[in-house]
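In the form predicted alone, a lone chain appears below as structure tokens.
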Amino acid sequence: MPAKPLPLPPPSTEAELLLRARALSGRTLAWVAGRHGVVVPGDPRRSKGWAGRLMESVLGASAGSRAEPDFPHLGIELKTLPVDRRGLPRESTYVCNAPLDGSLVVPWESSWVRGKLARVLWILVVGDAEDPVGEKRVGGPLLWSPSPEEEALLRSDWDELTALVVGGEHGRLTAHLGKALQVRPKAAHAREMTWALGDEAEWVRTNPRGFYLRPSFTRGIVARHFVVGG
């Protein structure tokens, strides 16, 4: 098993966080890992989420698995975004769990999704799918909040998706719904199940779900704020 990095103390200000992130820009993941005594996973199948956990540790994120932003004292969420050499996101971006027990009866303004996305530190991880994990490079950081247009899009998707969740219509919750935000299965394998309220208020078994940002949405963020590839 790859060693876990020793976490740094949390940054005290946004400026300190950005300074730490900029110091990593252009470095390979192998360089970052080596500086912090971490072994790079050699098996690509064991590298899922590894870059994100590495960035959390070397930047001093302190939330862990708690339901709060990664830097709670700053109100900032950390998101690593894998992109290819052209700057195109390669996958959906996980935001948070989507509870299926009826507790999503909350407006967008007080939702946990909005709380997670209110202030995000984006860190690109640049490299094609076939590149070894350690050879991928850390891109420049972006401290981002949704524009009014982006938030309106997210709110519209939230309203559509949560209406289905609250109504127990889990069979209609496909990844095709939502222009920016989508609900996808969140499990290690299809056999993992959880209890959910069905459309007749009965408890049923279904796959756990999570909220994700579509690659088309994050592609727009990259295109507007980053210069990648050529």
Partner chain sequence: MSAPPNIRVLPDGLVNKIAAGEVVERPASVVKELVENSLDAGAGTVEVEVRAGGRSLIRVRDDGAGMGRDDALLCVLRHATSKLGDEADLFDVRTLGFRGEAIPSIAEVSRTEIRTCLRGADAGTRLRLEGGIVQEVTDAAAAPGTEVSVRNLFFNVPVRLKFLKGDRTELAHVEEAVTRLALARPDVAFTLVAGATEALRAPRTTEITRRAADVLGRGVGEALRPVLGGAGKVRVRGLASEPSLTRSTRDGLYLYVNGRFVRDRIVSAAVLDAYQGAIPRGRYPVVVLFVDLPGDQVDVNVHPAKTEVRFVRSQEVFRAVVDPLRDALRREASEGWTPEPPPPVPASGWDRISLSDRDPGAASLPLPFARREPLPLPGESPPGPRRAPAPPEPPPPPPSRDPRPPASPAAPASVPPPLARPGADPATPGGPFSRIEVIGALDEDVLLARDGGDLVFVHLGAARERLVYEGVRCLAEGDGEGPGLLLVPEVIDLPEARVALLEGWRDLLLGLGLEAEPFGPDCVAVKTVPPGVDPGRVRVLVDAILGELPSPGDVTAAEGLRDRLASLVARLGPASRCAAPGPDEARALLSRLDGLDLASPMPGGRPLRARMSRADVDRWLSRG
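Positions refer to the first chain, counted from 1. Since the model is a prediction, treat every value here as computed from it, not as a measurement.
What comes next is about the form predicted together with the partner chain, which does not appear here.
Q: Using 4.5 Å between non-hydrogen atoms, is L142 touching the partner chain in the predicted complex?
A: Yes, L142 is a contact residue.
Q: Although the partner chain is absent from this view, report whether L213 comes within 4.5 Å of it in the predicted complex, heavy atoms only.
A: Close contact is absent here: in the predicted complex, L213 is far from the partner chain, nothing within 4.5 Å, heavy atoms only.
Q: Does the partner chain get within 4.5 angstroms of any non-hydrogen atom of D101 in the predicted complex?
A: Contact with the partner chain, yes.
Q: Decide whether P185 counts as a contact residue for the partner chain in the predicted complex under a heavy atom distance cut-off of 4.5 Å.
A: Looking in the predicted complex, residue contacts with the partner chain do not include P185, since no heavy atom lies within 4.5 Å.
Q: Among 32 to 40, 46 to 54, 196 to 204, 176 to 184, which stretch sits within 4.5 Å of the partner chain in the predicted complex, heavy atoms only?
A: Result of the contact check: 196 to 204.
Q: May I ask you to choose, among V126, V133, V113, L78, the residue with a heavy atom within 4.5 Å of the partner chain in the predicted complex?
A: After the contact test, the surviving option is V126.
Q: What residues of 151 to 177, in sequence order, lie within 4.5 Å of the partner chain in the predicted complex by heavy atom?
A: Counting only heavy atoms within 4.5 Å of the partner chain in the predicted complex, the contacting residues of 151 to 177 are E151, A152, R155, T162, V165, V166, G167, G168.
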